[in-house]
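Heads up, the chain below is alone and in the form predicted alone; it's given as structure tokens.
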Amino acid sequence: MAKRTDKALDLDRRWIFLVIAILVVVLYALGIAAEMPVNQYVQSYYDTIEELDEGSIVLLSADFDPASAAELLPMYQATIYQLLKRNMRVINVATWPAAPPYTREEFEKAAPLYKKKYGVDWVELGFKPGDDVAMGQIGQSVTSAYIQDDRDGKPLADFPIFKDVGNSFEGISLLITMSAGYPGILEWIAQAGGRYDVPILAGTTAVQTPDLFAYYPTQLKGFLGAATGATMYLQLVGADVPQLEEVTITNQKRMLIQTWAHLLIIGLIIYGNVLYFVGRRREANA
């Protein structure tokens, strides 16, 4: 027993990496997709949008870049489809400079499916520099923070959607942010939720998700936490949207692989601790 314990403790860690790699590759090759149970935070995110009156105006803020797109882009895509399908009017902004190319492409793909007209049903305002200061300016007055739209360069007064938008979030029923860090959800809560009492939803990366539980459900009506939350949300929205089927299945596959990889790591941690305590007891009895 002692020799076997020593042998296990001296195991080259590269074997562990190899086992994990084999597990991931095999599961990926099998292509197994499993549906995930939806938690209350994701369900609240979905329900908050569903409960809005048709024609409500939503401010959608893209606060991410390519480094976090693997987690945030799928939930951003699904959010756009749910909003447009529910006949919401969307004002799209960004506080991260790399976000607008993503936002415009996704709207250009989704809007024609629901016969949405630019400037009437949705508008692209683009990147606003200034981090949380920019958020404060947008909260005070969207039409003052932006002089023109980002797609056509036209004055905001030319777009019918802004006829129903006033200062201090007047006319805006909901704020949604896809947040990768600073500036993001925490700054929006301070600059908008706290000052203008506007309901807020968020999609966040895994690193930022633990910070959100303290704000739910008062300042934050619901949130999508990392790829797990994105997968749950895609299951809710994608059930009636064929265009989201592929990304939904892809996320389900990734979550299954991640689950098994985590289980293996947890098992190895438990096994390592057992060996450690067995070794200590043996030394004490020696």
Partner chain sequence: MIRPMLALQEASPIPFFTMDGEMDLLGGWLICFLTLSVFSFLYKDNPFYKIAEHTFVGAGTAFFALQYYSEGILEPLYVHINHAMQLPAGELMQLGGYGVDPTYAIIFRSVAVLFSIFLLSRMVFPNGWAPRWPLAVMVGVYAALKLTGETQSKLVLQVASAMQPLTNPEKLAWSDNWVAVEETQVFYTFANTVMVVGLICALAHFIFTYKRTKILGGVSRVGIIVLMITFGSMFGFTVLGRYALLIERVDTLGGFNNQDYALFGTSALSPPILLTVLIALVLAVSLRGKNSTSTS
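For the two forms, the rigid core is made up of the largest set of C-alpha atoms that agree within 1.5 Å on superposition. Positions refer to the first chain, counted from 1. As the structure is a computational prediction, the values presented were derived from the model and not from experiment.
Another form, the form predicted in complex with the partner chain, is not on view; read the next lines as being about it.
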Original post:
Does Val237 reach the partner chain in the predicted bound form if we count a contact as any heavy atom within 4.5 Å?
Top reply: no
**OP:** Indicate whether the partner chain has at least one heavy atom within 4.5 Å of a heavy atom of Phe277 in the predicted bound form.
**Re:** no
Original post:
Does at least one non-hydrogen atom of Leu30 fall within 4.5 angstroms of the partner chain in the predicted bound form?
Top reply: no
Original post:
Counting only non-hydrogen atoms and a 4.5 angstroms cut-off, does Tyr114 reach the partner chain in the predicted bound form?
Top reply: no
Original post:
Is it the case that Ala70, Pro97 and Thr209 all touch the partner chain in the predicted bound form, with a non-hydrogen atom of each within 4.5 angstroms?
Top reply: yes
Original post:
Only one of 83-91, 116-124, 186-194, 169-177 gets a heavy atom within 4.5 Å of the partner chain in the predicted bound form; which is it?
Top reply: 186-194
Original post:
Using a 4.5 Å cut-off on heavy atoms, what residues in 143-175 are near the partner chain in the predicted bound form?
Top reply: Thr143, Ser144, Tyr146, Ile147, Gln148, Asp150, Pro155, Asn167
**OP:** Verify the C-alpha shift of Val26 between this form and the one not shown: is it 2 Å or more after superposing the core?
**Re:** yes
